[in-house]
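Just one chain is shown here, as structure tokens, and it is the form predicted alone.
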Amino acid sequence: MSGLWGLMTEEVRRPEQPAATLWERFDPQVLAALGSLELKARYLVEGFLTGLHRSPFHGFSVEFSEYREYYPGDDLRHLDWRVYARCDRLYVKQYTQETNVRFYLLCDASGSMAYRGRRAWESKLEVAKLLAAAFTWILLRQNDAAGMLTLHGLEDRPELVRPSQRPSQLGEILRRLARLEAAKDVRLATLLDYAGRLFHRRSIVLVFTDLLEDCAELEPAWKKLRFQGHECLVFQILDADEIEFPFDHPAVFEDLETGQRRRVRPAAVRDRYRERFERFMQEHRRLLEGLEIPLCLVRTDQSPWQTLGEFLSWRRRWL
């Protein structure tokens, strides 16, 4: 969080109740509603199996694309005899194949993701885990391959779950998410750099993070992923305290990234903090917009299911 000194957590803030498991947070009715929403790739993709995403390769599938003139050797079953009756020329119906695509889930586990304010129903990391699990469920239902990349503290190495369509993939990703904990030495820039090195085939990358790192540190990794042809979607998870800075009484604040502590009088710094925070976030928004990377804000004091549903509905209309 270098460059944003004011974003520190209040020392007394700790979860009061043990966190529920990911399965316990799944609402069957909500999942049934989400199941009707599809997450389609914005760009053309190359896949192996029948799925929901348009392919750059033309074949004889279910969705009509265009006509082309008949050439000797073409399958006569695809001749359009009505066109022949009208213009006395042979034309073949050409269809656009629809394919599956690979998705990667990236969960930022940096120290700032552990924060949980009084109005939040859970920490930012737990919200990220829940969204990642929900997306995995949706992707596997629509016959896409889901994988995950995480970075654990102290180990300084990535943990990769390769994309798969196996029914057991949801359980595997849930187990990995359950073990994921926030750590001071984990950086989003490092995680994105590993993604650029490990993702060899064009994929869709879903990133769950609070974006509380310098924009300049993240810029090379974002550009590399986009240059490689990956489509990125960013879900920025923030606590209401970080956005509004509602504190009234002097308190000791601790930076969860560095461990630095400082006594602050909130009333004296609130306006300055909000101004710097907005300027800091605006840098990220400009960078992502320039790279055509959609950004979805998720607040921990609001229902993640509602945010997820609104995002998927918006994306379906936008495509």
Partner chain sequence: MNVAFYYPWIWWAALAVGVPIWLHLVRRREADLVLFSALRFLDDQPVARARPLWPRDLPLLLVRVLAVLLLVAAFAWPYLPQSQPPPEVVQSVVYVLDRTLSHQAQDGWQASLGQLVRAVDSLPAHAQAGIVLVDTVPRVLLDLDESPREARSRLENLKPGFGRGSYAAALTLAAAMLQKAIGEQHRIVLFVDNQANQWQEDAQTIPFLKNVSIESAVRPTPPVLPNVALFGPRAERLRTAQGSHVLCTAQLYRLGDVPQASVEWRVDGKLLKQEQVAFTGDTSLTLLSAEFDLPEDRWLTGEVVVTASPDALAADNRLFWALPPQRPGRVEAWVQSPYLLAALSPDVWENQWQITVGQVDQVASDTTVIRPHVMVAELGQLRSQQLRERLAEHISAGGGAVLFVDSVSGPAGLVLHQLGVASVTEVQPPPDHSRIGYRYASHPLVQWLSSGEWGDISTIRVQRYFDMDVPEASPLVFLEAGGAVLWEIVRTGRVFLMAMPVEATSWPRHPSWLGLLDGCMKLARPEETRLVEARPGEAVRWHLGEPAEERPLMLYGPDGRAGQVAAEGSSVMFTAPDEPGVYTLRHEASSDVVGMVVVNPVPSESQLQYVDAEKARAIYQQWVVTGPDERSPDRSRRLEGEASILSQRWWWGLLVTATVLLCVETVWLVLRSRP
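Residue numbers count along the first chain shown, from 1. Treat the numbers as computed from the prediction; the structure is a model and nothing was measured.
Just so it is clear, the following notes concern the form predicted together with its partner chain, a form of the same protein that is not shown.
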query: One residue of F245, Y194, Y91, W137 in contact with its partner chain, assessed in the predicted complex (non-hydrogen atom, 4.5 angstroms); finding: F245
query: Output flag, L212, V264 and V269 jointly within 4.5 Å of its partner chain in the predicted complex, heavy atom basis; finding: yes
query: Heavy atom of Y115 within 4.5 Å of its partner chain in the predicted complex; finding: yes
query: Contact test in the predicted complex: Q260 vs its partner chain, heavy atoms, 4.5 Å; finding: yes
query: Partner contact for E172 in the predicted complex: its partner chain, 4.5 angstroms, heavy atom; finding: no
query: D241, heavy atom within 4.5 angstroms of its partner chain in the predicted complex; finding: yes
query: In the predicted complex, segment of 81 to 89, 245 to 253, 195 to 203, 221 to 229 with a heavy atom within 4.5 Å of its partner chain; finding: 245 to 253
query: Residues of stretch 273 to 293 in contact with its partner chain in the predicted complex (4.5 Å, non-hydrogen atom); finding: Y273, R276, F277, F280
